[in-house]
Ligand SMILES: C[S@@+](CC[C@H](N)C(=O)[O-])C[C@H]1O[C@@H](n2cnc3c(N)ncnc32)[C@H](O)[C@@H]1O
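The data below hold one chain only, encoded as structure tokens and taken in the form predicted alone.
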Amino acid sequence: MSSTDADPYPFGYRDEELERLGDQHRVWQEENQAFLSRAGFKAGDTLVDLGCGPGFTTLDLAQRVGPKGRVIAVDRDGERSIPRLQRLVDAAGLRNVETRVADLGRFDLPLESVDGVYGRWVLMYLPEDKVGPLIARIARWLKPGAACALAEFCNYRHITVHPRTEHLDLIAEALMRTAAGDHGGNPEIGNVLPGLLGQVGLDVELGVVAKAIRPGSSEWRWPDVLFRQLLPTLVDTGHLTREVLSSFLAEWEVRCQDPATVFFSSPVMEVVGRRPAEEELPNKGSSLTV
């Protein structure tokens, strides 16, 4: 399936964006590794990386499962992200990663075929009416006792800067509208996930993580590039006015020079849905590989 058959990632697949995603991954690396451990992902497992993009977490998963394990990395972008991931896999000499180009709204796997499923900041870009059916399929993929680990924003509007800026609320709303797109995505889908996982018979464990970052730290590049690089694209799409952008970036420049500044990220809901070891899931039906 071509990536053109699915709704595009709203921020595009330019080299600059893929590099930004790499910075983002490094900033959240410690939290993400702890999340993978809570899910119980281990050596020898077969894992699925949903919406893997250029594959930063895919490589982490491949190292975690080791040569006797397997990672199935799935993304709709077969033109930039999957080829980039494949180059990284080849350069690292990994033989335990399988890449697939697919629309997550239709992607499926055989029943009870995997030991875990991972996804971060991917379900928010799907039409919300496709998320429930995907969760039901994920539950059927899991072996008894296996888990899915899904991390998504749960309160996007919480993003803030201290001292406060005049326009950050408008920036947050523009980012949310862009992420939702025209197809009904939900940038705060993290709030919905616990209920969806419970409905398909999984035991649910919750956690929430957020970032507080100061200028001059190694992590500051993440919000700085986010605002300077992505916000102009929101003007191009009509989600943000040029006047608001100019005023905000002027405010942001002042905050970047102020050592008292603190940037607070939107909180992320980390949800582990674990299949009971002995019980059958409701609505257990057949599944096909796509």
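Residue numbers here begin at 1 and follow the sequence given. This is a predicted model, so every value here is computed, not measured.
Not on display, but discussed next: the form predicted together with this ligand.
How about Asp77 - does it come within 4.5 Å of this ligand in the predicted complex, if we only consider non-hydrogen atoms? Although this ligand is absent here, Asp77 would touch it in the predicted complex, with heavy atoms inside 4.5 Å.
With the cut-off set at 4.5 Å between non-hydrogen atoms, does Gly51 touch this ligand in the predicted complex? So Gly51 counts as contacting this ligand.
Check Ala180 for me: does it contact this ligand in the predicted complex (non-hydrogen atoms, 4.5 angstroms)? No, Ala180 is distant from the partner.
Mark Ser81 yes when one of its heavy atoms lies within 4.5 Å of a heavy atom of this ligand in the predicted complex, and no otherwise. The answer is yes: Ser81 has a heavy atom within 4.5 Å of this ligand.
One stretch from 91-99, 216-224, 115-123, 195-203 that, in the predicted complex, holds residues within 4.5 Å of this ligand by heavy atom: Partner-contacting stretch among the options: 115-123.
Full three-residue contact with this ligand in the predicted complex, heavy atom 4.5 Å, for Tyr9, Leu21 and Asp103: Affirmative, all three are within 4.5 Å.
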